[in-house]
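Here you get one chain, nothing else, as structure tokens; it is the form predicted on its own.
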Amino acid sequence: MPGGKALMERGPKPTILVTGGTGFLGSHLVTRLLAEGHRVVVPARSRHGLSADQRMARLLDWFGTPHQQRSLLEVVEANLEYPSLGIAPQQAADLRLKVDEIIHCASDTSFSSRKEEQVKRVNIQGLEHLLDLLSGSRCRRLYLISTAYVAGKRIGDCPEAFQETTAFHNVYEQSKFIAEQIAASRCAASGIRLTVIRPSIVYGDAQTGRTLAFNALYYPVRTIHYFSKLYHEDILEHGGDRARALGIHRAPDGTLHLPIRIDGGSGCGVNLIPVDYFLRAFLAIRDAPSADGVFHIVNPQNTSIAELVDFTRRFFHLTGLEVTTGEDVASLPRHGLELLFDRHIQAYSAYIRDARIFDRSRSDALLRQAGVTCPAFTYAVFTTCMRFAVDVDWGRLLWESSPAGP
């Protein structure tokens, strides 16, 4: 039979444990692996009144995963914050006997220093608990989903390799850097092959706009949308006194003048990738015969702050949004609306005005061979993504949106 020998040499598909399977990136990976015929184990916890099984079932419904694929999925009630993930000894022994690969996606993405202990508990201790659990198992491959921003406060070129870094913008960056170091040390000692995947900022599907996460790119845009709605309502329903006090007014065609100066800094813009590209790139790297080490999944072209502001103005029918330099901002006092906007996006300022340039030489070599390219972040893509976000009220109505296939 043609290809029969090759199929026999490959053997059965490996059983893959995916942490963070109820999260944004992890759920996309789970659904794709199920579609490829892999047996997938997802450790997850109960949350918001839903069991781990119910959370995963809701996600599979959202993705439109066929029922015959769902029989390949095993959901384990577990918590990375506990030793052995809090599961029973017999269940732990069972996992050690059947898991061939790990894709570690689970992560706390909070930037807040107030949540430092929680972030480190999940991102650092959670990884150690996972590796402890599977110590001595049949597993011989770990894919660690990290972030390109482990580069910390580095300026300019950021190598596609393990590098010593001592200064970070937030605890998230620091915790992911430490997790990489732990994974490298532990995997080397136990003979487990390690692939570290470092994506940049991931947004929704470039074709459909669908997403499960509304942070990062979405948060500043959502803030502008909130201000727009607030002052439209003030003008139309309450006389507009609050709006006039801030220089906000509405044109006869409905365009709102919202005077907010946004500091563009001197960086090279924002590095954005859609989740569908992340998925294709990850799978291409995973399928490569010698994909050990570090790989950046990033966009070869950054999006400038000026472009993002222009897209936002056009989409929400606004005037008044301007991109300025730090010197221009300092020359005139910030008014109340600008100060409020600054506070809202403060956590993302290092990414909006990024001066990091991510090396792509290793990943590009593999992705070119696989024919995987990153789509440009155009106004059409922005419109598709933001229309979906507005339609689901920035996630509040997410589970009411109609399912579509992964």
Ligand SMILES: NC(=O)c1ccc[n+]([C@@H]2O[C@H](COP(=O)([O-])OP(=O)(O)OC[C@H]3O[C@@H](n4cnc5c(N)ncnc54)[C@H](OP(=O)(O)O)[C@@H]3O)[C@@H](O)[C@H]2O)c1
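Owing to the predicted nature of the structure, the values given are computational and were not obtained by experimental measurement. Sequential numbering from 1, following the sequence displayed.
Below: the form predicted in complex with the ligand, not depicted.
At a distance threshold of 4.5 angstroms between non-hydrogen atoms, Glu81 is in contact with the ligand in the predicted bound form.
Remark: Phe295 does not count among the residues lining the ligand in the predicted bound form, judged by a heavy atom distance of 4.5 Å or less. None of the heavy atoms of Pro274 is located within 4.5 Å of the ligand in the predicted bound form.
The closest non-hydrogen atom of Arg55 lies within 4.5 Å of the ligand in the predicted bound form. Among Val221, Ala151, Ile145, Ile248, the residue placing a heavy atom within 4.5 Å of the ligand in the predicted bound form is Ile145. Thr109 is the sole member of Thr303, Asn299, Thr109, Gln174 with a non-hydrogen atom within 4.5 Å of the ligand in the predicted bound form. The stretch that touches the ligand in the predicted bound form, counting heavy atoms within 4.5 Å, is 23 to 31, out of 374 to 382, 23 to 31, 349 to 357, 65 to 73. By the 4.5 Å heavy atom rule, the three marked residues Gly209, Arg280 and Leu366 all fail to count as contacting the ligand in the predicted bound form.
Heavy atoms closer than or equal to 4.5 Å to the ligand in the predicted bound form belong, across 188 to 214, to the residues Pro199, Ser200, Ile201, Val202, ordered by sequence position.
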